[in-house]
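Next up is one chain by itself, shown in structure tokens, the form predicted on its own.
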Amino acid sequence: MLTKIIAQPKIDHFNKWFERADSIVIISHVSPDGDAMGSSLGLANFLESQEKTVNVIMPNAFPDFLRWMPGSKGVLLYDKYKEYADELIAKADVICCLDFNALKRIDDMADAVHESKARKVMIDHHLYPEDFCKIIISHPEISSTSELVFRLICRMGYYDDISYECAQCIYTGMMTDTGGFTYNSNNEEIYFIISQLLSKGIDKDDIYRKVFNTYSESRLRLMGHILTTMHVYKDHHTALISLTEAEQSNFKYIKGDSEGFVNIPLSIKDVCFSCFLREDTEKEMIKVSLRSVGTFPCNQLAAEFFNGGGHLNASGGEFYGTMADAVKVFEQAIDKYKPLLIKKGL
């Protein structure tokens, strides 16, 4: 049995919306990852099984290694079909905001969502949710938004209606947002949920292969290059990897090629904190990804130095400036947090 994490009044409130709604739009954050896609497509699959008209809209493209997911071919990309997407958002009865807690996380789509008269629900697991939805289902202690979607469907009384395809999507989101269940995944209820998803017939090993073992040759060569340029701060039990615009071009970089790179340095003995800096030419900024092990608060460092946040062991942010400047700020950050890094590295 699962703990009833989501408050019953919120379940009842959403149930009323669900029963009355005909047209539902599901949206998630810019540069959608496995949890964004898994939670969105999982919920979409369930809602469609209940004869609802559902449209999944993402701000921009998602990684190629997620294109196998059931329903992914029907995802509408806002940056390519803005006018049509705006129309769907404006006419929706309900908008489900998944895996993000602030309108800025959906970039150019924010105005359309804010102005829509649709009833809005947030389902998310990031800290400090903003107040732009009527129903806010926010649980930072939960490993993924996909897990919350599973819990919501079950609490509504529809576990039997979770299909094989829905289960595939939810499992993918849970798996990717925990690094293959290597962090933020010590809650025993996660594994009860996995058992319930397995009972729907999913092949978790096949899902793992599709997500993690279907990369291109250029990705592997890029990984090798990044590792040769990695800098290890031994006194801080920290590692830094980076990727410039020029390097992306040299290795024919496509969206998703660097997924998971930030986790690699954590396999080094005595390294408990990893940072990945990547130039994003579209946004003219540097994307900051942080991972840690144990109780080192990389989300706290992200908030203080990189205008970001996230979870204790997995967080991120952004930096506006050169790569060299970003590295300097990062080094200032680990100097400040050195006492904690030394403690966690022992």
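Just so we're clear, the structure is a prediction, and the values are computed from it rather than from any experiment. Counting begins at 1, following the sequence as shown.
Missing here is the form predicted together with guanosine-5'-monophosphate; even so, the following discussion is about that form.
Q: Exactly one residue in Lys200, His236, His126, Arg119 has a non-hydrogen atom within 4.5 Å of guanosine-5'-monophosphate in the predicted complex; which is it?
A: Here the answer is residue option His126.
Q: To verify the annotation, which of these, Pro297, Pro63, Gly310, Pro70, has a non-hydrogen atom within 4.5 Å of guanosine-5'-monophosphate in the predicted complex?
A: The residue in contact is Gly310.
Q: With the cut-off set at 4.5 Å between non-hydrogen atoms, does Pro59 touch guanosine-5'-monophosphate in the predicted complex?
A: Because no heavy atom of Pro59 falls inside 4.5 Å of guanosine-5'-monophosphate in the predicted complex, the answer is no.
Q: For Pro32, is any heavy atom within 4.5 Å of guanosine-5'-monophosphate in the predicted complex, or not?
A: No, Pro32 sits far enough from guanosine-5'-monophosphate in the predicted complex that none of its heavy atoms falls within 4.5 Å.
Q: At the 4.5 Å heavy atom threshold, is Asn45 in contact with guanosine-5'-monophosphate in the predicted complex?
A: Heavy-atom contact with guanosine-5'-monophosphate at 4.5 Å: absent for Asn45.
Q: Report yes if any heavy atom of Arg155 sits within 4.5 Å of a heavy atom of guanosine-5'-monophosphate in the predicted complex; otherwise report no.
A: Residue-level check for Arg155: no, no contact with guanosine-5'-monophosphate.
Q: Using a 4.5 Å heavy atom cut-off, which of 239-247, 186-194, 97-105, 225-233 contacts guanosine-5'-monophosphate in the predicted complex?
A: Result of the contact check: 97-105.
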